[in-house]
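Given next, in structure tokens, is a single chain: the form predicted on its own.
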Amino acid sequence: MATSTMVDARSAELRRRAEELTPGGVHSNIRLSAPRVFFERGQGAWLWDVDGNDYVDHLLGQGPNFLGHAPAAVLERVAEACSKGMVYGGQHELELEAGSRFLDALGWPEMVRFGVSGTEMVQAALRLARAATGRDRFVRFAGHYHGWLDNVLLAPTEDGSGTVASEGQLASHLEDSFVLRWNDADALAELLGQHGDEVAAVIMEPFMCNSGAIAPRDGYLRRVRELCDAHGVVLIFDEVITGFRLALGGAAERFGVVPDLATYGKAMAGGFPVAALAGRADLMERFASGVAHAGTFNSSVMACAAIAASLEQLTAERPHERVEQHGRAVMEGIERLARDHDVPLRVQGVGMAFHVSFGEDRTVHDSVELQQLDLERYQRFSEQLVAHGIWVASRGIWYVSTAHGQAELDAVLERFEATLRAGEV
């Protein structure tokens, strides 16, 4: 079992080498704030580092490993397909299987385009909306993540307006959007009443999954749908994280509201790097008649094989109820242990994705309320969880996979309690 005295000699050596090779020793800035552990392998819901320490994984690669690490059926399908070639620079039959399974699983969209990253597909969706409406601006919401490019990357502010999040980011590019607090339909109605003729799209995470695990208020998504229809605005759901995770049909299925366009990634391909944009045919067909979207690795053999195999498994097994139940058991266990140790932890979300933090035990409805929690304390606590063998994100989000079972539940609660007993909270 992992302990707070875990050996990290090999990881420390690799960290030193990595810092000589790449800025900060990492290839994604999100990892700058994470413990510098070097992993050797993953299987199911477990990770092992290069020093032999094991971890119950509730980060799941930031969400993609919904089927757990190294799912056999996906790996076998990808290996078989790639043995014949990986990138043709043209079409192949596997695109059709992947596309068909994708659209059938979601139910609502009519057409799909495959890409590589969620960041890319968000930009494609916004471009499509501008082309369809002839308008320039879009509405987005504080705390919702839509990628790292200049026109969508926002750092949180106390009032929810947001600001640039990076040196070198052009603040003028943020003028493309109106920024609102989420879960406030009246605020959106007021803005569209004043500026509706400027707005091409409203884009949102339909369930705030990247941070906070914040659900929409009852009726909120339906009211947003009605407002977009009334003002001729394209409604875009960013389901890069929620798609295929909150339900087979994602947040659209779970909450019963259908967008015009939606972006997908993460859970759709068993851990392989792929993303998608799907939606109404009259919008999507514009890609074939004037709206540019390209990419050398779009619909690669590897990607399409991974999509087809992953969605075949999810469609056949329908694991979401089981994943929900497991996640609820973890949430309830964490809450019980926190009470037993008189630690002011709060847990919010759904079984597939929930948020753990320090603060007042009340429901959080948007990013402004989220920032009022003691997020820095949780970040320190997350480092202790990692030291005790639970791999989690420092921002508080926990993910659950189809590979998590009773053994993982027992292990994570035992290790969570050991962290609390260590008293370094």
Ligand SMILES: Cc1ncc(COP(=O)(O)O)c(C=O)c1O
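Residue numbers here begin at 1 and follow the sequence given. Fair warning: this is a prediction, and the values are worked out from it, not measured in the lab.
What comes next is about the form predicted together with the ligand, which does not appear here.
- Partner contact region in the model of the complex: 143 to 151, out of 216 to 224, 143 to 151, 77 to 85, 186 to 194, criterion any non-hydrogen atom within 4.5 Å of the ligand.
- Proximity to the ligand in the model of the complex, defined as a heavy atom within 4.5 Å, holds among 251, 240, 139, 309 only for 240.
- In summary, among the residues 169, 348, 119, 211, the only one with a non-hydrogen atom within 4.5 Å of the ligand in the model of the complex is 119.
- Proximity of residue 205 to the ligand in the model of the complex: non-hydrogen atoms within 4.5 Å are present.
- Among heavy atoms of residue 320, none comes within 4.5 Å of the ligand in the model of the complex.
- Although the partner is absent here, residue 266 sits close enough that one of its heavy atoms falls within 4.5 Å of the ligand in the model of the complex.
- Annotation for 54 to 91: no interface residues with the ligand in the model of the complex [heavy atom within 4.5 Å].
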